[in-house]
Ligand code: BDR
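In structure tokens, the next block holds one chain alone, the form predicted alone.
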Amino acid sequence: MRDKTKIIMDVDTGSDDAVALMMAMLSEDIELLGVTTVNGNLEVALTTENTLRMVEFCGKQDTVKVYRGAEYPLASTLLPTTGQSLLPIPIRESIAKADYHHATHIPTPSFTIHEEKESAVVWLINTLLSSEDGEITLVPVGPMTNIALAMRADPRIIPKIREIVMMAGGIEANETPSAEFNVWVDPEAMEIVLQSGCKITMCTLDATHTAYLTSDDAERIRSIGTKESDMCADLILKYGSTGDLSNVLDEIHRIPIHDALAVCSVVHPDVLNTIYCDCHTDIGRSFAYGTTIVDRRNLSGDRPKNCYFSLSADRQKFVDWIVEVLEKDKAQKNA
């Protein structure tokens, strides 16, 4: 039996996070040590509930525990002149009205499990400190608040981290005119993580928009014939019907399931086309607040490179991986 990659996921669970969680829980190549939740797509109480729903739906409640994390960003909401207030009114209103995941709750039949009493940041620190150096990969697919708080609270965790594979950032495809959503929600947290010295792979919107799924892919997934594949197909199609994708959908009906691509890249790094570069976040609190600044021409001089930044991704490899995970899970349950 081959060794599994040990990961911790940090999520703000809506539809694409739910698919990512399912893939991490069902993949034979991944050992999901636990899940921390954060404010982002929804308030943290709801992202925690949605995470609990997915864990129980996949039958992993005995092995995968859920820890509630930060309710607010580190600093971006402290002043009235930061965050959304910097945006032009039409953009601000469209974000406020956006229904990012088409439903507040992930549509599982029910759930009975509860979050753990320990907070996300405390659990992250304790779990990493008790691990071997370079043993655990962090996979944050929401704002980086929990990760930044843990790093600031106890920097001894940094050498324990094998790699951080995040869904964040972008150049051409962004939520605001300049910033991707996960970065924009908490730019200061992102900059703390980028300056940590950890190996960082950034699965960007530019990558996820090239590794889109289609309604035909969703039906291919549904044809596997399990409750998990049905749920996965439903989540993909539901996410594809949300208003926030109107700027990237076309006659092919391209549906980017952003967070699941980050999980795929943990076990298949070659799914991403990356450049190794110096990357930072604008925390100047002006119109570029939350922008990921990518030095593609190596103009930073002596400043060290700190990020594997993805420019695109292999769509077919990504889709085939989702199908493979679900088919293998079905075969294992039927054995």
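Residue numbers run from 1 along the displayed sequence. Quick caveat, the model's predicted, so the values are computed rather than measured.
Although not depicted, the form predicted together with the named molecule is the subject of the following passage.
Participant: The chain here is shown without the named molecule. Which stretch in 67 to 75, 113 to 121, 254 to 262, 145 to 153 comes within 4.5 angstroms of it in the model of the complex, by heavy atom distance?
Facilitator: Selected stretch: 254 to 262.
Participant: Check each of 229, 210, 137, 174 and return the one that places a heavy atom within 4.5 angstroms of the named molecule in the model of the complex.
Facilitator: Exactly one listed residue reaches within 4.5 Å, namely 174.
Participant: State the residue from 189, 221, 235, 167 whose non-hydrogen atoms include one within 4.5 Å of the named molecule in the model of the complex.
Facilitator: Filtering the options by heavy-atom distance leaves 167.
Participant: Taking heavy atoms and a 4.5 Å cut-off, does residue 41 contact the named molecule in the model of the complex?
Facilitator: Residue 41: yes, in contact with the named molecule in the model of the complex.
Participant: Using the partner position in the model of the complex, report whether residue 141 sits within 4.5 Å of the named molecule, counting heavy atoms only.
Facilitator: Residue 141: contacts the named molecule in the model of the complex.
Participant: Check whether residue 205 has any heavy atom within 4.5 Å of a heavy atom of the named molecule in the model of the complex, and answer yes or no.
Facilitator: The answer is yes: residue 205 has a heavy atom within 4.5 Å of the named molecule.
Participant: Does any residue in 4 to 22 get within 4.5 Å of the named molecule in the model of the complex, counting heavy atoms only, and if so which ones?
Facilitator: In sequence order, 12, 16, 17 come within 4.5 Å of the partner.
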